[in-house]
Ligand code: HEM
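Before any questions on binding or motion, here is one chain by itself as structure tokens, the form predicted alone.
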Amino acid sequence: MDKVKKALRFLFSMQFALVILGLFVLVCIGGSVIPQGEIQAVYESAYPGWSGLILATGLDDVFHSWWFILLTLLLCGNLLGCNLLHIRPILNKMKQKTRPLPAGEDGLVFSGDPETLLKEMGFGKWEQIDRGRYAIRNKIGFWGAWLTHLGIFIIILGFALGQMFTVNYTVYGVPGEEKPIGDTGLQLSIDDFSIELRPDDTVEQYTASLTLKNPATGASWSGQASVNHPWDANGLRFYQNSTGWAADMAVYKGEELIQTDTLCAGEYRAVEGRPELLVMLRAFYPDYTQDETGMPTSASGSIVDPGYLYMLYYNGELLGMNVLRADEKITVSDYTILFSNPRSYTLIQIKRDPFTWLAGVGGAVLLGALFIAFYLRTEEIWLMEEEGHWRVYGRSRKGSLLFREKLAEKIKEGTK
């Protein structure tokens, strides 16, 4: 039994908490640095020689790995156990009317009126003790450290549960498009997308104006998402993640326009009525040129001489690939395909974290705990009667030195 108690004390100790916190921080850093949830080829390309270890240990999906869950449980168990161990002593302190005189402290000599001293030190009432008086105020201060631990516990629990159960969606498109958000039944309308440039033509900010719609209820929400400034609506958080190029594709059969589509770079569409014939906008070069090896590239980021790199597939086989310039066209059989109206698209990352509120509750508890610990700190005073004077002892759970200096000042004033 003693060994079990000793083991539990270690598991609920500050030393064990610091070890787990250190590991927890390292894991979170790893999860932030290493891309999460990518396919194996991404890790093999970005981390040659290390990709096998990353995949085997779950570093490609840190926040859903069994060892992250274990670390979270250990840390939460440590904080919760620590609080459970200390709740009874705190309750006992709250019930006590008097507390023993602190050992090993030198009291201050006071020859004035004890009632006046207690009042000036902020003590409204006192208790009679052997050979003297005892007063305490702000007993709630005993709970400061306990509530601090509780707040940290709730924050970590909310963060961990959020990471494990957060659902991510991705929507991308150009202004005027409306796209479904995964399986939520909601629609996201991209109302506008702007790129702010600095004087040197480098990007200052990306901003997307968005409207979230619920077709089932008719409800809608409007707002903006920009880099480092997400937008919150209906329990979802919208991040301006990235951008790229898009263009309009027009398909003619003979002289008749039979199809128009907007393609973002990397997207493809089947020709209307010919599902075996696919057209892909592989890349777009706003100021088309070729490098020294003859590969297509862009001389600048401005649309000067647009080039559209397309790929044409028939029954899964590559039929053709080239760069279209200006009004050049793709001709296959009696179909004519051309691209126009190049513009930027926005990629919006959407997250649903069902435990954000829990982290908020933890933050509120932590702020309240810090207020209690530093501004409602428990203060105690003992006045022990001696021959012809009083010997005064004071103690404060926080700011003890300041409290004793104030006590010494009041004693000096009351002794005059």
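C-alpha atoms forming the largest set that superposes within 1.5 Å between two forms make up the rigid core. Worth saying up front: this structure is predicted, and the values here are computed from it rather than measured. Numbers follow the displayed sequence, beginning with 1.
Omitted from view is the form predicted in complex with the named molecule, to which the following refers.
The contact with the named molecule in the predicted bound form, taken as any heavy atom within 4.5 Å, belongs to Ala145 out of Leu101, Leu161, Val304, Ala145. In terms of contact with the named molecule in the predicted bound form, the residue from Ile152, Leu186, Ile330, Ala247 that brings a heavy atom within 4.5 Å is Ile152. Picking from 175-183, 275-283, 71-79, 258-266 the stretch near the named molecule in the predicted bound form, with a 4.5 Å limit on heavy atoms, gives 71-79. Although the partner is absent here, Ile348 is not a contact residue: none of its heavy atoms lies within 4.5 angstroms of the named molecule in the predicted bound form. Looking at Ala17, you'd find a heavy atom of it within 4.5 angstroms of the named molecule in the predicted bound form.
Interface residue remark: Phe355 is not counted as part of the site for the named molecule in the predicted bound form, having no heavy atom within 4.5 Å. Contact annotation for Ser400: none of its heavy atoms lies within 4.5 Å of the named molecule in the predicted bound form. Within 4.5 angstroms of the named molecule in the predicted bound form, the stretch 362-394 places a non-hydrogen atom from each of Leu370, Ala373, Phe374, taken in sequence order.
After superposition on the rigid core, the Cα of Gly254 moves by less than 2 Å between the shown form and the other one. Put the two forms on the same core and the Cα of Gly301 is off by less than 2 Å between the shown form and the other one. Once you line up the core between the shown form and the other one, the Cα of Pro89 ends up 2 Å or more from where it was.
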